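First comes one chain, alone, set out as structure tokens in the form predicted on its own.
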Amino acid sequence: MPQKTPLYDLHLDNGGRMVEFAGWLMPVQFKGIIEEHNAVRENAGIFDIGHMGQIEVFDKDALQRLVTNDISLLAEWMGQYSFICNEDGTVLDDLIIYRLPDRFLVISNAVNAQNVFEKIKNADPNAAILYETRTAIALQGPLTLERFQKFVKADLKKLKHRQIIPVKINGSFDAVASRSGYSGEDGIELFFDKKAAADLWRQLLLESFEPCGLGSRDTLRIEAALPLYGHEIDAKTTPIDAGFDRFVRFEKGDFSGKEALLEQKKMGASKKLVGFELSGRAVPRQGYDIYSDGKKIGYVTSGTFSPTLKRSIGMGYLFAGTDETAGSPKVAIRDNYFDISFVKLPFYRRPKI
């Protein structure tokens, strides 16, 4: 049976349209994807991310031997992006790893949380997954810090990107808060006891945070060119394929998949992740093929009509050796071919204040 976050009943009360996602019943939308998307770009939205895996790890050396990034470079109360790979170098999952004084907090994708936990547990028998007691909420958008500041004493504007701090919400319960997110906007992610979730969600709604679902989370992350497991990264893709070499620290010592990744680094990636724009309002979807002069040169991993840019955009892979400056690239949508132009990622970058 699909699992439910502690906010499930509240989502129903607020008109959330629920769908099964990665083994969880989650809201795909409330008022509408475009309205929720624009709320995050222009104001502030909240997402239930209680389906994400939260894993506590106590053995630093064990974690270091699993992940691609170098956690020895991670200062206390800071986070870093990393991968945990299979022995063939393909991605088991992408992670955010936070270093706390006495442990690490590893945030994994919902679809992979159990597999990631089992691999970590084999290396660190004291590791624990926190589904039974903890949950999480993401607050995203340019007005997030201003609207959430009244809930905590810490000066949120002083937080660095991916810094995580202990806070007391409304002086009543403890949480850790990270200046991070998955939307391309500024924001805060909160990790805390699930018993406090419903009351906090209600209070955030009263502060004009717009409830947002998986639909707008996807359009936002595509505009920001953020990868999603099962799309840009998966068990057939390596971090090098996806252009994330900078998160693979070969010099740190052994880690899962290192030898395969070293070999690929030497031989070259088998494909290249690119972004493209589409003429017209047709929407490219995962699995659609990309052609140039009648020859298949790649495939789409994600696509949407961008509410911010008012045009269709997509990400996809081109096969090794493809010259993206040559020919007339097109994407095949059903029985039609639509012209595309390759563009630099990300499609959207938030304005600097």
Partner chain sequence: MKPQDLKFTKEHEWISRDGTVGISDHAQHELGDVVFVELPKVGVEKAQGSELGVLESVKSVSSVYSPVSGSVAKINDKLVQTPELVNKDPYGEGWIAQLKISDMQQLAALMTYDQYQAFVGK
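Numbering follows the first chain given and starts at 1. Being a predicted model, the structure only gives us computed values, none of them experimental.
FYI, the form predicted in complex with the partner chain isn't displayed, but the following is about it.
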4.5 Å heavy atom contact, residue 34 and the partner chain in the model of the complex: yes
Non-hydrogen atom contact residue 28 with the partner chain in the model of the complex at 4.5 angstroms: yes
Does any part of residue 178 reach within 4.5 Å of the partner chain in the model of the complex? Heavy atoms only, please. no
Taking any heavy atom pair closer than or equal to 4.5 Å as contact, tell me whether residue 281 reaches the partner chain in the model of the complex. yes
Students should find that, of 345, 22, 333, 10, the residue having a non-hydrogen atom no more than 4.5 angstroms from the partner chain in the model of the complex is 333
4.5 Å heavy atom contact with the partner chain in the model of the complex for all of 17, 218 and 285: yes
Given a 4.5 Å cut-off on heavy atoms, tell me which of 66-74, 44-52, 299-307, 316-324 is the interface stretch with the partner chain in the model of the complex. 299-307
Is any part of 42-74 within 4.5 angstroms of the partner chain in the model of the complex by a non-hydrogen atom, and which residues would that be? none
